[in-house]
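One chain follows as structure tokens, the form predicted on its own.
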Amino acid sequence: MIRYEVIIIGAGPAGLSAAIEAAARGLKVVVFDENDKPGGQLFKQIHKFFGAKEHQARERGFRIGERLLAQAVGLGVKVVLGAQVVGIFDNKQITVMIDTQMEYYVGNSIVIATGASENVISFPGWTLPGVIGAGAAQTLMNIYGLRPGSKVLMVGSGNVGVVVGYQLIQAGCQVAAVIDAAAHIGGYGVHAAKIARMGVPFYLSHTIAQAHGTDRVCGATIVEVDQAWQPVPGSEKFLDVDVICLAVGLSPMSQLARLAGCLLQDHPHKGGLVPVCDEYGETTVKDIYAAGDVAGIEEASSAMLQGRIAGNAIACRHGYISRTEFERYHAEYKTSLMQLRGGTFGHDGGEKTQPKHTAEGQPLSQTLLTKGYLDERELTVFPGIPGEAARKQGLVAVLECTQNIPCNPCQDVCPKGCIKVGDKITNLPVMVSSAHCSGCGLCVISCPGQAIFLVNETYADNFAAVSIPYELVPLPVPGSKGMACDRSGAVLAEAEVISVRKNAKSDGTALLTMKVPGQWAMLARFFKPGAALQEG
């Protein structure tokens, strides 16, 4: 039997973070993961993260994963892949299947960081090839470079559904629709807005009735549901798709915690059955901790902090840091975690309710919640939207961030101090009237929600210049023509690309500036290359 001071089960964001924290204090740590690659979901996540600088905001998930792994290995953490933990016994002994061999380990402390599994729903045809989970779609696209299909129906409008929907479009798929049985979009409005302006419709209060096909998916029928979740006769719609992608939630993988004798509780707000933990992540079994999605479904940034908190507590428990040091680190990590749990979509341990207003008192956009885009008539109440007088002076940044999401890179990157979020990162961003926007575009390319645009209504007689974030390939070239689309994806007018800027700081996000007729300056939010405007 091999002994380690800390055994961590799961090499995802929580597990690697716990390993780093413990190893940095001098503990001998091993991490087991049943997969052949470490990082959990991080290496599939090509989008930029929200949060503040300490949360690694505006970094892409796979880059964070690479950094965590390098840091853990650099600290001497042993990461064993293809290692399935199949049992936890008294005195923190575990059995691990590695290749075809069963090995036995014992730890002074164990951190269970096994993550979550995707939920599924059943419907006629759900076993056909072409019905896949959102995680599988991400694996195909972002790990193996394969396109899952041509036309996709996304089932589920939570963050996973809308983020993967965007990535499917980046991979060259057409997303025919996003449906959800709920009456409101479950994910961040900014994520939904990214695909809405590309023309993806949202059908809320809809579910899937049937997948069509004999040996593969060749269509889907969706149907509206009433308030009792029952199908509304006559509301069926057929969609021509070859992939049905399910993003209907996650469930904590708490089986090992139960096997270890940890007390579990059914907590719908946390995604299901989770181990009961104290504020340090310690379960009801002494020296067995839980961190990340296994303790409650949250974003990866929160999982990393939970791992830090558990690793710090273990280091103190075993005398590697003083109580004073422990309390200082714990307070830092806890404060950072609570920042992420604030805001409209906050995970503060309470029950979720659908808010009606922002923290500042503005009514939440109903079109954003039900259609995925902001209606221009709702915009004027938000502090990041410059008024007509300011726009008449020249180039301005337009901050279409309206939901108290914990995030502040726009404030950090602006060299002119034009944008203020303040110390509380869930505050809505505010344009500072006394500052002058230089047009550098750093806020546009850094915003994880792609919710910032530059608008210059004085660009030329009868024409305005609108700068947008752009992450599709091939990149349009200056001088090329296409169509300017509004926030719903509707074509407004012909547009011409003025410039396309991309550099190391943009991390793959280009700043595309297009010339549009002046009257569309505050509506044009997407450039569709090549398409011609249809008359009539």
Partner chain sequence: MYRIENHPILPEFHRGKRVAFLFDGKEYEGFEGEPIAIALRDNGVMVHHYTAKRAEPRGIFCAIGRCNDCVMIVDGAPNIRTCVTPLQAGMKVETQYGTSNEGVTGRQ
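It should be emphasised that the depicted structure is a prediction, and the values quoted were computed from it without experimental measurement. Numbering follows the first chain given and starts at 1.
Below, we refer to the form predicted together with the partner chain, which is not included among the displayed structures.
Contact with the partner chain in the predicted bound form, judged as any non-hydrogen atom within 4.5 angstroms, is confined among 137-145, 202-210, 380-388, 229-237 to 137-145. Taken together, the three residues 54, 478 and 515 lack any non-hydrogen atom within 4.5 angstroms of the partner chain in the predicted bound form. Among 463, 326, 105, 126, the residue placing a heavy atom within 4.5 Å of the partner chain in the predicted bound form is 126. Shown without its partner, this chain lists 187, 252, 149, 449 as candidates; in the predicted bound form, only 149 has a non-hydrogen atom within 4.5 angstroms of the partner chain. For the chain shown alone, residue 214 is a contact residue for the partner chain in the predicted bound form, at least one non-hydrogen atom being within 4.5 angstroms. Residue contact check for residue 170: one or more of its heavy atoms lie within 4.5 Å of the partner chain in the predicted bound form. Looking at residue 132, you'd find a heavy atom of it within 4.5 angstroms of the partner chain in the predicted bound form. For the chain shown alone, residue 282 is not a contact residue for the partner chain in the predicted bound form, no non-hydrogen atom being within 4.5 angstroms. Residues of 112-127 lying near the partner chain in the predicted bound form, listed in sequence order, are 116, 117, 120, 126, 127, the criterion being any heavy atom within 4.5 Å.
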